[in-house]
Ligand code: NOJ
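Below you'll find only one chain, the form predicted alone, shown as structure tokens.
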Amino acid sequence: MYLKHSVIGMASLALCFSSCQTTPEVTSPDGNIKVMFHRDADRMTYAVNVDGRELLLPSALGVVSPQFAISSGAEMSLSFDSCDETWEQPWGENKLIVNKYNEMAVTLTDSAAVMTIRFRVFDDGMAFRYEWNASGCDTMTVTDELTEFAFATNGTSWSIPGNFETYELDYRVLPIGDVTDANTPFTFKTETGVYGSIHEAALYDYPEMVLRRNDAGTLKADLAPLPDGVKAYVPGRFTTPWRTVQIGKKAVDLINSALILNLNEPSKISDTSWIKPQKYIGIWWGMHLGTQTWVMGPRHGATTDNAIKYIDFAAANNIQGVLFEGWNEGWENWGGNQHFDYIKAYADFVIDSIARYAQTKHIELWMHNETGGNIPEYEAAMDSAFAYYASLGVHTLKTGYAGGFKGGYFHHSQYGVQHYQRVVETAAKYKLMVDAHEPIKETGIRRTWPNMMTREGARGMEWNAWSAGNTATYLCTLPFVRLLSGPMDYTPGIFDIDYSRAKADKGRLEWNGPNGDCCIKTTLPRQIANWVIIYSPLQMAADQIENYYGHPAFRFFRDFNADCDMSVALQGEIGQYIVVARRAADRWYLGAGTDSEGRTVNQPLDFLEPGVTYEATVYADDIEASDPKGVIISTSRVTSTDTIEIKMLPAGGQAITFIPVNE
């Protein structure tokens, strides 16, 4: 889908435009962002201006397919539209979403093909996608995408390397001009002070896009290939994902943007009453520490006794769900043929009686399916397994894809995207919510399929158990990069931040950090704050429950509500610090965190409901003792007219609950 090389006169070109424009353009509703389209004999381009300054210079457009090309003589027409609506989602950072944009559709009509490039411009960014119809062509092979992002100025960027297999990579801070490849979201701040992030929305039946610098020095779309080198096989009539650029004047504007969600279609699930955010616990952390195992044996984690203990703890602590990994036969094959049984439990995990016991306690039992990359086997088993889980009263499924896909397919190729989507749609048929680990990136499909609740898709908590771990700088970067795409199951909330004793007790003391340390690289209050900062509608208290027994700070998680109605990122800078507040019903929760520097932040409470007095319970760093394991809990009464002072140790944080006094 590219322009064939031929000459076309400007006079005849102008006749194809409505209102005789030679450079069609569309602006955001507030007039601050302008997108311009241009076509000449060689190529099609778009450009983006922000506040009258160039952000993206003319950048190539198009998709390459041997079966389809638009000639330079194709007739071009324009249509314009706009939207100003507010829609409601069953769950999310914000239940009510404002969707306001101006649209320009550029349609090229040739003798045997029609292509439309649809641009939408919001006050917080812009997006475009390709829509084509090749008459007489049942299947097209996409061999390349020409989309470019040519920055007008240099600046600073935050990203992970471009990788078609994993997102569990550390962030790099690089000048925009020095980036050779990057996955998305690709977050940047230009020399002119514009914050932005390149990503994609509504990714279906198509490979993921990464950015790779081409020979001309421009960042260009690169699609994950199939084993034969083809990027995608698609119908002759097809619509690609949106290519998106979120734009803001402040770093937190990117977090507060709903652009990605707005570019997805409304829900395809009519009855969403069974889709419910929840807090959960599980035996997961002990297995990453090595104190428990997935496979049946002396240290097996998923046992009936453990199940009863965790269900009882959840019921006593206002926690709705319990997850058990390693419950099913097949873990003994790990590293071999990667064969799992998705129905048959190990002998020491009596699943039917466990499910009945969970129901008597009004606790949701989660199922876990690790595939090991054996996609054909998993797809063959999904219907029967999901039907069985539904018969047990299960509504939540955690999936895993550790290991390479059979057949040489990339995780993020069209094959992978199709598989992940089949899981979501099959799960919806059996009223199962999905928490996907080793996933395809989030692109807002949770609007269309709201049972797709949360994903991993970055370095999560487990990296602290068996590697140098995640730094406080990483945690202050995460909200401005990965979390721009959507919720993350980071599995936060480790209270035993020096876990060397836990490993030593099992003879498992081993190298973890650069100094042989076994510790989480934040303070305890920052672990609490992460429950607010790192958004997930399925939020885990990830530590072993023994470390929560009797701990006064665990009251925060008991009080916390994962089903929030409104969220706002209040202040922050990428990689330095972050302050976020979320409201659930009439309660507010605040989380703040800093990098390796100690920091004091003054935060106005003007997000609170005016005229209401709240009891604020603060979980703060122990500044005087400078003890990362310490937490100072205090209460006071505040209103929306107050300002609080948030003091944080290096790698520290603070969490606050605001509960109306009359409650």
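Because the structure is a prediction, the values reported are computed rather than measured. Heads up: residue numbers just count along the shown sequence, starting at 1.
We do not show the form predicted together with this ligand, though everything after this point is about it.
Heavy atoms within 4.5 Å of this ligand in the predicted bound form map, among the stretches 436-444, 241-249, 409-417, 557-565, onto 436-444 alone. When contacts are judged by a 4.5 Å heavy atom cut-off, residue 294 counts as touching this ligand in the predicted bound form.
Taking the partner from elsewhere, residue 402 is found to have a heavy atom lying within 4.5 Å of this ligand in the predicted bound form. Contact annotation for residue 118: none of its heavy atoms lies within 4.5 Å of this ligand in the predicted bound form. For the chain shown alone, residue 388 is not a contact residue for this ligand in the predicted bound form, no non-hydrogen atom being within 4.5 angstroms.
Proximity to this ligand in the predicted bound form, taken as a non-hydrogen atom within 4.5 angstroms, holds for one residue of 496, 124, 93, 325, which is 325. Between this ligand and the residues 357, 548, 164, 334, the one pair within 4.5 Å by heavy atoms in the predicted bound form involves 334.
Looking at 451-469, the residues that come within 4.5 Å of this ligand in the predicted bound form, counting any heavy atom, are 456, 462.
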